[in-house]
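Next up: just one chain, as structure tokens, the form predicted alone.
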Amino acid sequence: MTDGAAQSSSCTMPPRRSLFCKYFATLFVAAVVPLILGAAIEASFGYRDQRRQISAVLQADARAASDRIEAFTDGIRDQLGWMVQLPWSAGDDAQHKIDALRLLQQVPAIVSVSLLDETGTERVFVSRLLLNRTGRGIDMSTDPAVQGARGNKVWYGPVQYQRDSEPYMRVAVAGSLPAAGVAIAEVNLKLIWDVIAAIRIGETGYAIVVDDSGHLIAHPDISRVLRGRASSGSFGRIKHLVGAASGAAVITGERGNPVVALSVQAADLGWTVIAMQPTSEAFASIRAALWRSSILIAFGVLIALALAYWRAHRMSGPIKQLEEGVERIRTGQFEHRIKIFSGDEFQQLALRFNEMASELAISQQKSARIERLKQFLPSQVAELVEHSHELLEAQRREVAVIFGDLRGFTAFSTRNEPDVIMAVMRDYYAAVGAVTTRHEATLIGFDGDGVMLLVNAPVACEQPATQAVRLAIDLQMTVQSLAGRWCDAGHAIGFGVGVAMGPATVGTVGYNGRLDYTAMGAVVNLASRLCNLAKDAQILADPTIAGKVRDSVPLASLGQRNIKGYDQALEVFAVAPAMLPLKPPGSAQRGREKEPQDH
């Protein structure tokens, strides 16, 4: 805990006053609460009853309009059905034309009729606006109306605006027999205006009809319909809002005024009948009751507002301080402290917050040090070193150094793609890291395809030579198992290891912001030279290692060898083959491709 936090904790706190008591006193002083509650309950029940009544009225009127529209379209459907009762035969075109002309006289809403035979070819076309024609005409078998009628017997097309003004819709009916063909009628929907204009909800309420896309089909003001799509934008919004509600909904109407609206779907057509009534008329009785209640409780509300404002102002300051403190802690500013002297739970919370910030600062520093140590030490060793900082200081110590290096890696890297190379290196580094952790050694670093490990520093062990050799054997066996898989994939890669023991200078080196633990001395160079001499699947050791592990690990002398950097030849030892696994297929080839020095 910092000095500021300690000082805050040591301050003598006045007697705590509970937040519950403060709020209880505020609510008690606000004596108007019972009045407000009573008025609110009365208004709530009145509003629900009024809204239920309005919903029933709107539902009935919208359903009546929907039924009349369905009766209108059903009549057209039935009339078209009579046109496709009998199959087509030669010489029937004139009779079908007469039937079509009679249909135009009986149904004023139909503007034109097309009669198609069983092949989808137009045989008769009569219209109020265009020239009539008979005989084989255009092929309409791919027309959506024909396909829809054949699939469902009856097809209602989307609403379209001719000359972007009057709404029209196509209706297609297929005969009960395929040979009877299909009748397609173009219907002027302006005549639905009679249905909608007759609906009156209260003094100012009315109904409209829109299609699936929100385009206006019918409106008491016929001029709105004749404007075509130009006036349909707001009606699409109204349809969406009302459709999303389970019952009557209060929305903004087409004129920008709030209205109560309810929708009913017209079966088969996909149209929506929307009944609306301005809220000013719908809730007039509720509004009058609210005004009366408002006069009675106005004085009490003023008192309650004043007290609530004063208390909220006193609370907002500590809350903002806590919020700012949490944000600063989140960004890593653990030195930030909060000062609140309210004498209640907020002050206690501020003290706990300051204590938490101090503990987080200490924990963050410790975690950063341990994570840094874990880059070259196993987790358990890093924890140990964190509690003994002198282990990382520069010192002279006898250490065992292990060097490992891949054989044939340069040739492999020149012949393969980067993703293949990086996949091999990931497997290799993962295997080295696992072995290092198992034997509690120190990973000094990776140098391309080479690796350097250290035993007996920074943490000492009882038998560093034996531990180093067993680590080298485990490392060789692990990498050789990977080399077998690499060989199966066509990659001739091997692995050699060199182990040496002697005095070295160990400690951390680097610069501000970047430190590494390393070892320096002749023993490091010797281990590297032995690694260069080692063949694939071979572990070479110096005389010091051989003398210390002779009783525990069988070693074979390879005789005197000239070592670069040494004036005299040095006896070199190899771990007996019995301690190592059999070489996988292709190891002889990898041995022949050994490179002088890859790292």
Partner chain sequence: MKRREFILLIGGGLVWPAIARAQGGAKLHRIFWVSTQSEPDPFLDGFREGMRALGYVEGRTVTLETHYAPENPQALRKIVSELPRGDVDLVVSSGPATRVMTAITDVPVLFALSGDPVALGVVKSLAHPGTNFTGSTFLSLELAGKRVELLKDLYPKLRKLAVLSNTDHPGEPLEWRATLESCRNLGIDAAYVPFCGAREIENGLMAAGKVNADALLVFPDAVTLVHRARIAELAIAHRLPSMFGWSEYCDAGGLLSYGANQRTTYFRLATYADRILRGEDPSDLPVMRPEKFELAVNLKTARLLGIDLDMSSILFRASKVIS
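Positions refer to the first chain, counted from 1. A quick note: this is a predicted structure, and the numbers were derived from the prediction, not measured.
The protein also exists as the form predicted in complex with its partner chain; that form is not presented, and the subsequent description refers to it.
Between 412-420, 525-533, 74-82, 120-128, the stretch whose residues reach within 4.5 angstroms of its partner chain in the model of the complex through a non-hydrogen atom is 120-128.
In the model of the complex, residue 105 approaches its partner chain with a heavy atom inside 4.5 Å.
Residue contact with its partner chain in the model of the complex: residue 170 places no heavy atom within 4.5 Å of it. Proximity of residue 203 to its partner chain in the model of the complex: non-hydrogen atoms within 4.5 Å are present. Although the partner is absent here, residue 566 lies well away from its partner chain in the model of the complex, with no heavy atom inside 4.5 Å. For the candidate set 154, 329, 425, 226, a heavy atom within 4.5 Å of its partner chain in the model of the complex is found for exactly one residue, namely 226. When its partner chain is considered in the model of the complex, only one residue from 236, 278, 318, 450 comes within 4.5 Å through any heavy atom, namely 278. Of all the residues from 45-67, those having a non-hydrogen atom no more than 4.5 Å from its partner chain in the model of the complex are 47, 51.
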